[in-house]
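Presented as structure tokens, the chain that follows is alone, the form predicted alone.
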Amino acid sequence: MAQIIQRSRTPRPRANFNQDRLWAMLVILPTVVFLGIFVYGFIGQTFYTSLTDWGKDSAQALALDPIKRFIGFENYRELFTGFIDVRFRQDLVNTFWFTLFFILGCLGLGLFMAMLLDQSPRGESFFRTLFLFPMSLSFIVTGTIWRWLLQPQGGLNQLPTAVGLPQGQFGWLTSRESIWNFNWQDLPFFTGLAVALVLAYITWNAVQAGMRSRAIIAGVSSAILLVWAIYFGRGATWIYPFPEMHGFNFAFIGIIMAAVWQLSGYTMALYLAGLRSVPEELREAARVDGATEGQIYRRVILPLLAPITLSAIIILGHISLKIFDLIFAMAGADNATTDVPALLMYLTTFRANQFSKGAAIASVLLVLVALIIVPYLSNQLRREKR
């Protein structure tokens, strides 16, 4: 009996454990190798190409063994401050406005549809499928459909004639009118202001958490950056020597409508799952305390949906930054007023054969996407460790 007990207390041989780890590493090794080569290797190659002059000389662009000279960050300087690359700077502004209205539209419409379905109406399954259906389409199909709807001489402009009114004259995808114009020389001011506000938010959270040192560092940095932006950020001639106005073009309204139509069903599904997970006892307790339905949503349910909202913003944000096929199908590749960096990258690389500048645009897009994705992923990893 003593021998049996002694054997049961004997630790498991480490040979089996090491063998399991070896097999696990061998199984995932091909994936790691392929990721290293075809993802991170190509990212590195693209970034290196952006630091060369490949394509500056048209005779060398498509040569079998092109001569590529290292020029550092010259392509990036031209994109942000060069006289010829004004289209890229307008594309960045277009992306900002498209991202803002696209996210707000998807969140607002998706939450509204989720609240309607949360009341368990008749035919709920039918309407849920109906709202989700646009998400099953590709952006090419969506762009083709909405291009027909937004034709200047047809589609939505023809609707008023059904009730005897004159035909609409709005140039959905061809408009050249813009609003909210700002000077590109003021970019340091707006950038500094945005970063200062983020630092102020970090300061507030640090104060609430009792982290005094972090609050002092973030607060002082926010104040210094705000003062610099106000006194030195406006009219910065070191950014661009001449005033250069950019704004929101009305031609993007139709594209935003199409994008919201396709992806609002996705946010609806997220919000509906979140609403159904809220305990009914919590709502009843709020009603007993005298809260109205509006107050229940505003004070109880919406705060509980904050993690879902953040996840939706991250996903929709990276989709909007990489948008290409929807705009290509709706407005074409040569409509400068509806251009975005991804479309300009395609034109610069594969039409103009300026491979280094196209790689620079791709690298800028990668950085913009990383600014959204990396903080979110790091925050999620920290939560999982806790």
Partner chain sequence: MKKAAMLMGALMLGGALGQAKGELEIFSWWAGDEGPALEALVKAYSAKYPGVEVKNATVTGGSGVNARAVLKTRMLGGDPPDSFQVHAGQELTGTWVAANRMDNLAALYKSEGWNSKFPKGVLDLISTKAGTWVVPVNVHRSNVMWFNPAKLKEWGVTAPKTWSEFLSTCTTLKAKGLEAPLALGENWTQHHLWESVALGVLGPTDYGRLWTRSLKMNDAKVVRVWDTFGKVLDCSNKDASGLSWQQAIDRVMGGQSAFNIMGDWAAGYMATTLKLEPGKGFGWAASPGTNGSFMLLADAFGLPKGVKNKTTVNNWLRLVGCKEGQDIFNPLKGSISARLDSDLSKYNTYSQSAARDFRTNKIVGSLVHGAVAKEAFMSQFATVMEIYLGGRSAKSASSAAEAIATQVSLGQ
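Just so we're clear, the structure is a prediction, and the values are computed from it rather than from any experiment. Residue numbers count along the first chain shown, from 1.
Just so it is clear, the following notes concern the form predicted in complex with the partner chain, a form of the same protein that is not shown.
With the partner chain omitted here, the record of contacts in the predicted bound form names 354-362 of 38-46, 315-323, 22-30, 354-362, defined by a heavy atom within 4.5 Å. Residue contact check for N205: none of its heavy atoms lie within 4.5 Å of the partner chain in the predicted bound form. Although the partner is absent here, T174 lies within 4.5 Å of the partner chain in the predicted bound form, judged by heavy atoms. In the predicted bound form, at least one heavy atom of V86 sits within 4.5 Å of the partner chain.
At the 4.5 Å threshold, heavy atoms of P152 reach the partner chain in the predicted bound form. Between the partner chain and the residues L51, A329, A336, M345, the one pair within 4.5 Å by heavy atoms in the predicted bound form involves A336.
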